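Here you get one chain, nothing else, as structure tokens; it is the form predicted alone.
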Amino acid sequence: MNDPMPAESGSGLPLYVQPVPPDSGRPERSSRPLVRQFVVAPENWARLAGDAARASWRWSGIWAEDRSPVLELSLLLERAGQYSWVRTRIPLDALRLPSQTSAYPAADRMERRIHDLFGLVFSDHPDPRRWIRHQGWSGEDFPLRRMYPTAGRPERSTPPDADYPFVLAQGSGVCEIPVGPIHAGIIEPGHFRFQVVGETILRLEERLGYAHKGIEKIAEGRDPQGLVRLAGRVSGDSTVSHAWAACQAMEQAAGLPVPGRAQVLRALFAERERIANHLGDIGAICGDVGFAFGQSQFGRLREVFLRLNDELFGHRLLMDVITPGGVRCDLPADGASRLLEERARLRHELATLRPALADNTSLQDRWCGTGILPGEVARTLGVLGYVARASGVDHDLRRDAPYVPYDLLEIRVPVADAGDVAARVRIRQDEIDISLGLMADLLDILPDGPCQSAWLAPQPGAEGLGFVESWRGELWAYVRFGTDGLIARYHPRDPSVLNWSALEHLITGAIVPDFPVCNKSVNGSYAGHDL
């Protein structure tokens, strides 16, 4: 029997979690959701997780920072559009803390990652295996500690990472199938270890971390312009979302207002990023079951869409269009009319293609009932975006914790409950249609005025959090400035960090040939996960 819930403070968190007084009042309109800060003693860290889970707080992520002589650990929780940012501090010479994984399974891999990169031991973690640590680091190397060199301590050659202790297959007739980390296409590296009987998948275990780029380490010491360029390269298909979140965080830290025209253009870029990725993925999902017509048509539509990005804004994927204080490029004089013409053409073509998918019985036979992610599992894992919405999880930052300019718009959020590949395709189709409508709404409210504010130097130690509903779901970034106006700490949390675990669950019971379509229907970013 669970212990009774402790008394709550006005914030909805237990009384042993102490609030941090805000630095200043909250403006009527904010560029980010409401975030309240708290501190908790290390001995109450696991207790907090259990109490918060019972009180229906969603676990959104953790990050750490070497603040010698202590390690500072931050936790982000969300409930009903309100975020609670809870911190604790552990001495660097006694790095042990209880795990939150028993209350929040979503904490599993993020805690293992912090152990690998900082050396913090989660004393009762159910899976002590390394996660992000590769063979280029010795057991005493912790790459995100303050004194660890950015270039590392490279040996003449790095041993192959061949001894990861996968769970061994057991039972009569059970076989293992290793896939990756190098794949047949141009996708990034990731290893998938299947346990199968015949073609039926009993278990899938993922091994990621092969694309580790050192984003957090090389962010240290950058100026704001350098950071936003780096943020836009965390995951190339989410360049707008990561850049926007990083800019929100820096602008909050600096107290920098952003012109209204720039805010609307940022949202326009984000909706175009959403549409382009959904178009490409729907085509790829068609291709994974042999429906070449759908693959070619959606691929064609995506290509035309990206070419207009290049013509109007200077980059197909809209890389580097967002900058601290605003945007780099304004909408050309004929831009609004060209965007509306494109919107009308795309809506017409999609209205023709949608029945071609829905009425194709052989296609639907491969999608319907394949790769089912139950809603309860999606909630437990903290899954985000279209993967969550296809399993009945009704959450979208743009509506539930609106930030400028979405606070001025009506946001529709499509939800399904089947949780299969077909549902994830339908949600993507609906999101394209909604985003096309939002593009027109954004053009309607686009104000006149400048597109950028001059940068204001932040105070030493100033910090901020930025939030964006990216095309994969909730994405956020933490930034703290040093004493010289340069970046002391940057941590982005891509939705893929949480969404990857869904693939292991939804593939159970499927057949091996269905793995590509299940994988593409989730489409986690290797780069966004690995940093």
Partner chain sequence: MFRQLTRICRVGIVSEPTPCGRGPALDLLGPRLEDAVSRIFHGSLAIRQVDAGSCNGCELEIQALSNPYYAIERYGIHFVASPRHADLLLVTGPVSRHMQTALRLAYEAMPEPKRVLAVGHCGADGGEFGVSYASCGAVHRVIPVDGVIRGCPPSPAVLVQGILELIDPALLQVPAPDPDSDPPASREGL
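Numbering follows the first chain given and starts at 1. Every value quoted in this text rests on a predicted model; they were computed, and no experiment measured them.
Omitted here: the form predicted together with the partner chain. The next part is about that form.
Of the residues P460, G221, G236, P257, just one reaches the partner chain in the predicted bound form with a heavy atom at 4.5 Å or closer; this is G236. A heavy atom within 4.5 Å of the partner chain in the predicted bound form is found for one listed residue only; from P159, P91, G81, P128, this is P159. Contact annotation for W137: at least one heavy atom lies within 4.5 Å of the partner chain in the predicted bound form.
The partner chain is not shown here, and in the predicted bound form it never comes within 4.5 Å of any heavy atom of V393. Among heavy atoms of T352, some come within 4.5 Å of the partner chain in the predicted bound form. With a 4.5 Å cutoff on heavy atoms, E410 does not count as touching the partner chain in the predicted bound form; it lies far away. For a residue to qualify, one of its non-hydrogen atoms must sit within 4.5 Å of the partner chain in the predicted bound form; all three of P143, G214 and S296 qualify.
You can rule out all but one of 297-305, 171-179, 394-402, 240-248: in the predicted bound form, only 297-305 has residues with a heavy atom within 4.5 Å of the partner chain. Annotation for 300-329: interface residues with the partner chain in the predicted bound form are R300, R302, E303, V304, L306, R307, D310, G314, H315, R316, L317, M319, D320, R328 [heavy atom within 4.5 Å].
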